[in-house]
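What follows is one chain in C-alpha cells, specifically the form predicted on its own.
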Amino acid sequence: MSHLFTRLAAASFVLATAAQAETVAVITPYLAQPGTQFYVEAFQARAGERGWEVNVIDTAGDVAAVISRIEDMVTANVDAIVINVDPAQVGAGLQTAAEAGIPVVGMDAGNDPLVAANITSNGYAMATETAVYVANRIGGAGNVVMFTFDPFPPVQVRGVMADAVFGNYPDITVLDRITPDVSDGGIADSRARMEAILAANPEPGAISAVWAAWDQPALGALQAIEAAGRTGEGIVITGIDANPQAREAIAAGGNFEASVAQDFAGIGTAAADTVARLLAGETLVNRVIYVPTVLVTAANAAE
C-alpha cells in the first residue's frame, strides 16, 4: 500500500508540474501607439488559448528602461520574453536573457542574433507602395514633407525606402524630414511641426504631399492642413498602419488618401505561435516572419 501511495503521489506531482502555466513577458516602450495595442491584445488572446500567464510591461517611451525590465523578468524566471523595441538599444538585457536560456521573440522589432525571431510586416514593401502612390499622385514633381522615426528599426527602413523612391524622381524635392516626438503617440507634435512648415511655405502649391512612416504623423499633418484652411490645395497625405482613425479620414475622401493595413492581430498571433514553437524546443530556420499587408484607399477604407 505504501508503494502505491508513493507512486500516486509522484504521479500527482508530475501532473501538477505539467499543468503549471508558462509565463511570458511582453515589453514595449510604445504601448501608446494603436498598432502596438492591437498586436499586444492579439498576443494576449492567443496566449490565453494556450493557458499562458502574460505580463505586459510598458516603459512609456523609455527605451533604456526596457533593459532593466528584461533583467527583472529574467530574475522572475519567465519562460519567454517578447520585445517591441530596437534590439540594438537593449543588447545588455538580451544578453542577460540569453545567458539564462530564456528565448526572446521580436514582435514588430528589429533583427538581432540574440532575438530568436522577429515577426513583423514588410516595411520595405509598405514604404515603397505608399511612396510610389505619392509620386504618381503628384505627377512625379513637387515638394514632399516626410515624417520618419529612425530610432525604431521597423519604421527606420520605411524612411530609407521612401527616400530611395523620391530620390528616383528628379522633380520631387523632400522639403523636410521630420522625426516627431512620439511620447504621446505622435499626433500632437506632428501637427505642431506641420503647422510650422505650412507657415513657412504659405503659397498654394508650395507643398504637394506629406509622406508619413505611420498614421499618427499623417493624422497630425491632416489636422494642421485643415486648421490652416489649406485642404483645397490638394496636398496628398499617406500613412502606414491603417488604424481606425486613419481609415475614417481616408474614407472621408479628404487629403489623407492612403495607408497600408498591417495585420496587427496576425502579428500578435504569429508571435505567440512562434513563442510556442520555441518553448517546444523547435529550432527556427526562418528568423524573420512577415505577415501580409493591404493598401487602403477610399475604395476599401470602410471594409
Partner chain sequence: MTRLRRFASLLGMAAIIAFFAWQLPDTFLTARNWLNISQQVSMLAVVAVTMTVVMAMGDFDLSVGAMASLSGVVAATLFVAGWPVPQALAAALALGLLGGLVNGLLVSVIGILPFVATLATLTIYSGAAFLVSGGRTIFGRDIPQAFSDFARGGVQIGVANGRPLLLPALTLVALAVAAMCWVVLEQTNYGRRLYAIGGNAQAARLAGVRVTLLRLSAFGFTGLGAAIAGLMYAARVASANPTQGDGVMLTAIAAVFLGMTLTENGQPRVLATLAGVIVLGVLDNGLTQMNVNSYLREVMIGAIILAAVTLSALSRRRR
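Numbering follows the first chain given and starts at 1. If you're wondering where the values come from, they're calculated on a predicted model, not measured in any experiment.
Unshown form predicted in complex with its partner chain; subsequent notes refer to it.
Peer 1: Please name which of the stretches 225-233, 187-195, 166-174, 72-80 has residues with heavy atoms lying within 4.5 Å of its partner chain in the predicted complex.
Peer 2: This holds for exactly one stretch, 72-80.
Peer 1: Is N118 part of the interface with its partner chain in the predicted complex - any heavy atom within 4.5 Å?
Peer 2: Residue-level check for N118: no, no contact with its partner chain.
Peer 1: Test of understanding: in the predicted complex, would N55 fall inside 4.5 Å of its partner chain by heavy atoms?
Peer 2: Because a heavy atom of N55 falls inside 4.5 Å of its partner chain in the predicted complex, the answer is yes.
Peer 1: For G140, is any heavy atom within 4.5 Å of its partner chain in the predicted complex, or not?
Peer 2: Close contact is absent here: in the predicted complex, G140 is far from its partner chain, nothing within 4.5 Å, heavy atoms only.
Peer 1: Is it the case that Q89, even though its partner is missing from this view, gets within 4.5 Å of its partner chain in the predicted complex, heavy atoms only?
Peer 2: Contact check for Q89: yes, within 4.5 Å of its partner chain in the predicted complex.
Peer 1: If the cut-off is 4.5 angstroms on heavy atoms, which of these, A251, A45, A276, L31, is the one near its partner chain in the predicted complex?
Peer 2: By the 4.5 Å criterion, the partner-contacting residue is L31.
Peer 1: Please identify the residue among A206, V160, A125, A100 with any heavy atom within 4.5 Å of its partner chain in the predicted complex.
Peer 2: Exactly one listed residue reaches within 4.5 Å, namely A100.
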